[in-house]
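Only one chain comes next, encoded as structure tokens, the form predicted on its own.
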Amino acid sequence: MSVRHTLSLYRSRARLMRSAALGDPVARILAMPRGSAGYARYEKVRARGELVRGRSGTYMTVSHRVCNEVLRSDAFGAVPTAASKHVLTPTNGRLDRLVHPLDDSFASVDPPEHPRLRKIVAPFFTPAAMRRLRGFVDEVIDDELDRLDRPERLDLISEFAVRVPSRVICEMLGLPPSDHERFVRWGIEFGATVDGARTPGDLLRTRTLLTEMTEYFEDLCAVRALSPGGADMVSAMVAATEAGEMTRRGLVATCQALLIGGFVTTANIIGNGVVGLMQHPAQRDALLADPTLAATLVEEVLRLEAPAQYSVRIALRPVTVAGHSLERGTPVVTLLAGANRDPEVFPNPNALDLSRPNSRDHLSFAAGIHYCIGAGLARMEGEIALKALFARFPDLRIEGKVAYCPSRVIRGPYVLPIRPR
């Protein structure tokens, strides 16, 4: 990395830290320690009003109403993560630069391109497709629970929470399960880099991660192009690329995004669900008495601990939001995790409550055209996994310190020591 890039990083970090020290509520959230819970800071933003402007000109909202409005409005577009700045340099000459799973996939594309690209993989996530997949998910979970049935202390995340969705998304994409450990490492590392690089070390880690993922999926897609006709998602996207419906960059990026998104969110639902039930024993007792509450548990966990804490949108034209006139190009941080605890929508918002009638009104999967395409899959996996886990191990308990993903955006345990029985 050049000296210019290094100086730019340090200057940006210094400006952010200075603003945070001066009490800027927006900067205080964007600068908070990775892996920490930001809910107390979110409430300080809420106390400032529905839409709060930071010193940098970035706006932020924890209002459920305003977040929902911004996410659904065609006056706002998706914003690249900025994690790819300075790191997307070619390493193998096959693409002109490295590929980022969010910045280069349909996740960061607006209409009319977004719905056209989303349509290519949408058939794999329909309710009918989920019904066909359910039997496989049941088998995977039963198999992983058998592995978990040991008397010693173990890590629920590495031994169960990531293994279940990783095996499922590998089946859907047509990836070899033997690469599971590599995929899990990518998911953890991506969570730590998605909120942007602050140091040269961050940039190096991001570059290394993107190099590995880019080269892996370039090679995989090249092999699939030589053997067309497969029924998996990668084969479908390769066919679309050959037909001119996707670019090579979009193909590789979407493979990356579907892989990581396909297991990180579900792993967080499972991990956060177990922690939540341990912290709210009455709700655990309710689930044990009535396992059908597992579906509501998933929604409450998604509401209480949003796997993606915030999402950024940018004004595509002048627009008025919550009484503020925003110019074209103004960024708005929608604090999904704060909106999910908006007391105007969710009474007693900081409690896990399996009797809550509107849990599903959370914004953890965003809203509007960028609503998470894998929401149905994550819900199904989370429900089956948590229901089966506590049916098999009703006396499961946490033994040791829970460590959270080292990220400001991604919220979920990546080490969760338990004793199943």
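Start at 1 with the first residue shown and count on from there. It should be emphasised that the depicted structure is a prediction, and the values quoted were computed from it without experimental measurement.
Heads up, the form predicted together with protoporphyrin IX containing FE isn't pictured, but that's what we're talking about next.
Whether 29, 37 and 42 all lie within 4.5 angstroms of protoporphyrin IX containing FE in the predicted bound form by heavy atom: No: no residue has a heavy atom within 4.5 Å of the partner.
Region of this chain that lies against protoporphyrin IX containing FE in the predicted bound form, out of 352 to 360, 392 to 400, 377 to 385, 52 to 60 [heavy atom, 4.5 Å]: Looking at the partner contacts, the answer comes out as 377 to 385.
Partner contact for residue 153 in the predicted bound form: protoporphyrin IX containing FE, 4.5 angstroms, heavy atom: Residue 153: no contact with protoporphyrin IX containing FE in the predicted bound form.
4.5 Å heavy atom contact, residue 338 to protoporphyrin IX containing FE in the predicted bound form: Outside the cut-off, so no.
Protoporphyrin IX containing FE contact at residue 125 in the predicted bound form, heavy atom, 4.5 Å: It does: once protoporphyrin IX containing FE is placed as it appears in the predicted bound form, residue 125 has a heavy atom within 4.5 Å of it.
Interface membership of residue 370, protoporphyrin IX containing FE in the predicted bound form, 4.5 Å heavy atom rule: Flag for residue 370 set to yes.
Partner-contacting position among 302, 164, 274, 238 - heavy atom within 4.5 Å of protoporphyrin IX containing FE in the predicted bound form: Exactly one residue meets the criterion: 302.
Sole residue of 169, 194, 295, 321 within 4.5 Å of protoporphyrin IX containing FE in the predicted bound form, by heavy atom: The residue in contact is 169.
Within 293 to 324, the residues that have a heavy atom no more than 4.5 Å from protoporphyrin IX containing FE in the predicted bound form: Contacts from 293 to 324: 302, 307, 308, 311, 313.
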